[in-house]
Every structure is written in C-alpha cells, then in structure tokens.
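A single chain, nothing else alongside it, follows as structure tokens in the form predicted alone.
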Amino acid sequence: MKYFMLLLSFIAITLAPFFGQIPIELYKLDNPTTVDYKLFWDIRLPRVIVAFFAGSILALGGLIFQSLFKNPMGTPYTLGVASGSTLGVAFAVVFGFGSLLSLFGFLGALLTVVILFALTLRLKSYQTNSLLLVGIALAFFYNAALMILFYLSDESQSFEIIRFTMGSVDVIGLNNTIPILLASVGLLLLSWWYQKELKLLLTSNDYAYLKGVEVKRVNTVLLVAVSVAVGVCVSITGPIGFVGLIIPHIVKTIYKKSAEQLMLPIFFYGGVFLVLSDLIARNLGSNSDIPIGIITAFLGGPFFVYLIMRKRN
C-alpha cells in the first residue's frame, strides 16, 4: 500500500505540468519560440514546484505545531502568521505598493514572529499555552486592522485582497520558486536536526528537560523556523488552509509511527496533496482557475469535523 501510494504520487507530480485547459505538445518543449515552451517552463512547471513546496511547508509545520502544542488541531497558522501576512498584503494593495505584495506579506509575517517571541522572553518559563493565547490575540487584532483597510479600499482593491486570502500558486518563471524552495528545504533540515529533541518533547516538556533538552531554546527555534517558513509561503501563495491539519493525521494513520519518524513522509505527501489540489483547481472546465484554497477547504472541512468527533469519542 505504501509503495503503491509512493509510485502514484511520483506519477502525479511528473504528469501535473502537462494537464490544464490548454494542451501541451511534447515535441515543442525544446523550442523557445513556441507557446507550448513558454507555457510549460514559465507557468506550469513553476506552479507545480510552488504547490509542492508550499504543501510541504504547511504539512511539516502542522506536524511540528501539533507536537509542540500537544494539540492535534494545531496548524502552522495557529500563531497568527498568516493573518499578519494578509494584513501586510492588504496594506500594500490599499496604499499603492502593488508591485511589492510578496515583500509586504513576508514583512507582516516577520513582524508577527518578532512580536510573539519578544513577548515570550518576558515569560519566566516557556509556556506554549501563553504563546498560543498571544497568537490568537494577534490574529484578532490583525482581523480588525484588515477590516479598516477594507473600509478604506475601493472595489478593485477589495477584490485583490479577497483573492489573495483564497490562496493561489500561480507564479511566473522558475526564479520565483527559489524563495519557497529554500524555505521548505531549510525547515526540513532543521526539523531533522532536532528529531531526537522533538521525540522527547512529544512525551512532555518536563520529561525532555530531565533528559537534558533545553526546552525553551528548542521550542523557540522550531516555532520561529516554522513561522518564518510559513511567512515565506503565505507571502507567495496566500493562506491555504487545512493542509497542515489533515496531512499529518492521514500520514500517521497510514504509517503508524511516532511523529518524529514521519517528517519526510509528511513533507512529501503535503507537497503531493497541494499539487493534486492545484491540478483539480485548474482542470474543472471553468474560464479561470478556481482558487486552490477553496479546493483544500472542501477537502479539509469534513476531515476537521471528523477529527473533532473522533477526539470527543
């Protein structure tokens, strides 16, 4: 079953750039003067790359947050990073910085990280519950500020902001895939480096401390790393929901291993899930692509209800 899924996943990723509303002819892919060449190398392939590594960041970030917060409902947006990025993009749209949306989105996410961990330095001990509450408070504040920007915006600006919040992996050119690729690989390597510490933290913070783990430092490093990587992701794709929630649980169900042993599978299948979601979004026969966030919400919403009912039982 596992090897069959792996084979199907590789096939899906390989074939994904060739499917869309406009068919591509293979023999034209080596001719830079053809529309097929530009469509494949400048639009389809970058889109698949961004979808894969965005899904990888969100899935792995979800696993780490669920582990550190000891909460199966945790997502990489728990601390308000996505809300901060959305506010940054909305500010850029309303005040005329439309060419710098990704930069303002990342700055909004980075500001959130700075605020969160500046506040944690004032705590006597590392309390994840306190950090969680601060993240929720920031998200409410950002939503209020976003409503003010909606009030100040015109119709076209409001539509642009709303469209960003629906999520999209529509990028042009392979160069634009580099930031999200570096962020995802960096997060994977750092998570792998702290694999043993994460295994101890899964039991309890006190147990990890008795085993010699610097709990506050490790928690801070992992949460900052996830938040920065998610900030890079959201600034490019917008907030794409439910990937970080459902993929860790699905992979755990299939592999039946401890969380620290599933980093690579969750990283991989998070990417595959978002590639398949994007494939659905741009092949439903409409005149334009459906926002990928709508597809993931349709898939993730019922699963979220299932998790709540399972936890209750």
Partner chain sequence: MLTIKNHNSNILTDISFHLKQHENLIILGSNGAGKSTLAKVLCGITPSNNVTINGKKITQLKTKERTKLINYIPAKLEIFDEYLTLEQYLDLSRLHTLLASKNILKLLELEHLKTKPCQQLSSGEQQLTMLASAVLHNARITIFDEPTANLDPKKSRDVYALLKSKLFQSKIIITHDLNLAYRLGYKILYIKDGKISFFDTSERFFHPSNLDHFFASSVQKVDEYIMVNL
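Treat the numbers as computed from the prediction; the structure is a model and nothing was measured. Positions refer to the first chain, counted from 1.
Below, we turn to the form predicted in complex with the partner chain, even though it does not appear here.
J.: Which residue, A259, L39, I49, L276, has a heavy atom that falls within 4.5 Å of the partner chain in the predicted bound form?
T.: That would be A259.
J.: Quick one: of W192, F117, F141, Y209, which gets a non-hydrogen atom within 4.5 angstroms of the partner chain in the predicted bound form?
T.: Spelling it out, the residue with a heavy atom inside the cut-off is Y209.
J.: Heavy atoms, 4.5 Å, the partner chain in the predicted bound form: which of 98 to 106, 179 to 187, 152 to 160, 199 to 207 makes the cut? Say which one.
T.: In short, 199 to 207.
J.: For T253, is any heavy atom within 4.5 Å of the partner chain in the predicted bound form, or not?
T.: Yes, T253 is a contact residue.
J.: Does the partner chain come within 4.5 Å of any heavy atom of D170 in the predicted bound form?
T.: No, D170 is distant from the partner.
J.: Give a yes/no on whether T220 approaches the partner chain to within 4.5 Å in the predicted bound form, heavy atoms considered.
T.: No, T220 is distant from the partner.
J.: Whether N71 contacts the partner chain in the predicted bound form should be assessed with a 4.5 Å heavy atom distance threshold; does it?
T.: Heavy-atom contact with the partner chain at 4.5 Å: present for N71.
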